[in-house]
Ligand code: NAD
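Shown next as structure tokens: one chain only, the form predicted on its own.
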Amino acid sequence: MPSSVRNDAKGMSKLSETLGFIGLGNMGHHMASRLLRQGYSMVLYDIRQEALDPFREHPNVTVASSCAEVPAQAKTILVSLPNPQVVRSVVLGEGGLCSGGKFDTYIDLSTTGPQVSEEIGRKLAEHGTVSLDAPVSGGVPGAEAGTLSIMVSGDKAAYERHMPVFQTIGKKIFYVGSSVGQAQTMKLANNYLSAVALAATSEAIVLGVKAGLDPQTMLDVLNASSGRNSATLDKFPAAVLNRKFDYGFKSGLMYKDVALCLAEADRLGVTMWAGTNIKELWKLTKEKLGYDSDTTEIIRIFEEWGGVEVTA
């Protein structure tokens, strides 16, 4: 059944239906919160009860006790989950969405890679459900502020109907293709470049500090020059020079995304020489500093090798 769109009291458009949302981690928590502030009624589920606790008393929230319960009350369901295995289980596994009632639209905000997205898209089509890939970029700060960039692929009519949802959680929305999985490929390319930038910037800054340069001065120069990137512009000022290491994305997830990118490259017969080394570097970071370490902590690896500490 097509979703209808109406305007709220402030003149902002929104879908006139209850939304389902599964996965209330660092990203999902903020996206769900923004949708609630926009006035949506929502059915929420997370395997962790502590993730659901902040929402239990909200008047527009129904807390489900399983994934299978969500379709009974929501015909558009969004998921924000950590890896492809969890996404597959939530949708296709025992007690998953497909074992519940029929629902109209599935929107995957996770980074799962195209292969799992294509598989889920086929299965959901048999279930009578339209799938949209909608991986996001911008990290926890972007999710909290509603400034995420969102890459969407799948049925264009469904994409257009759900634009009010995307505009609530994101600032820049891109329709990248009609085939489920294309947005996932776009997201993997983006996260690969983000992983390269953070690793390479860490190498370069440690080199400069070892030579006696001031790291803040280095950032000022880089950001006015051709070396500027997402790490020099955002991550180093916000979380590295102050030694907070709290930008909000886990090293284990970065390794997962780079590994997914290289797996897709292998599937397509594309050689990624630099990517092989970047993957091993993030694997080392995950193993040495821990899966849950912040991605900005990768500089600790280079600091140890260089015998210096980068601080403002």
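Here the structure is a predicted model, which means the values were calculated and not measured. When you see a residue number, it is the position in the sequence shown, counting from 1.
Below, we refer to the form predicted together with nicotinamide-adenine-dinucleotide (NAD), which is not included among the displayed structures.
Mapping the unseen interface onto this chain, residue 256 counts among the residues with a heavy atom inside 4.5 Å of nicotinamide-adenine-dinucleotide (NAD) in the predicted bound form. Residue contact check for residue 232: none of its heavy atoms lie within 4.5 Å of nicotinamide-adenine-dinucleotide (NAD) in the predicted bound form. Contact annotation: residue 38 falls outside 4.5 Å of nicotinamide-adenine-dinucleotide (NAD) in the predicted bound form, judged by heavy atom distances. nicotinamide-adenine-dinucleotide (NAD) in the predicted bound form is not approached by residue 153, whose heavy atoms all lie more than 4.5 angstroms from it. Proximity to nicotinamide-adenine-dinucleotide (NAD) in the predicted bound form, taken as a non-hydrogen atom within 4.5 angstroms, holds for one residue of 48, 267, 243, 56, which is 48.
Of the stretches 220 to 228, 125 to 133, 169 to 177, 83 to 91, only 83 to 91 has residues with a heavy atom within 4.5 Å of nicotinamide-adenine-dinucleotide (NAD) in the predicted bound form.
Each of 23, 110 and 249 places at least one heavy atom within 4.5 Å of nicotinamide-adenine-dinucleotide (NAD) in the predicted bound form.
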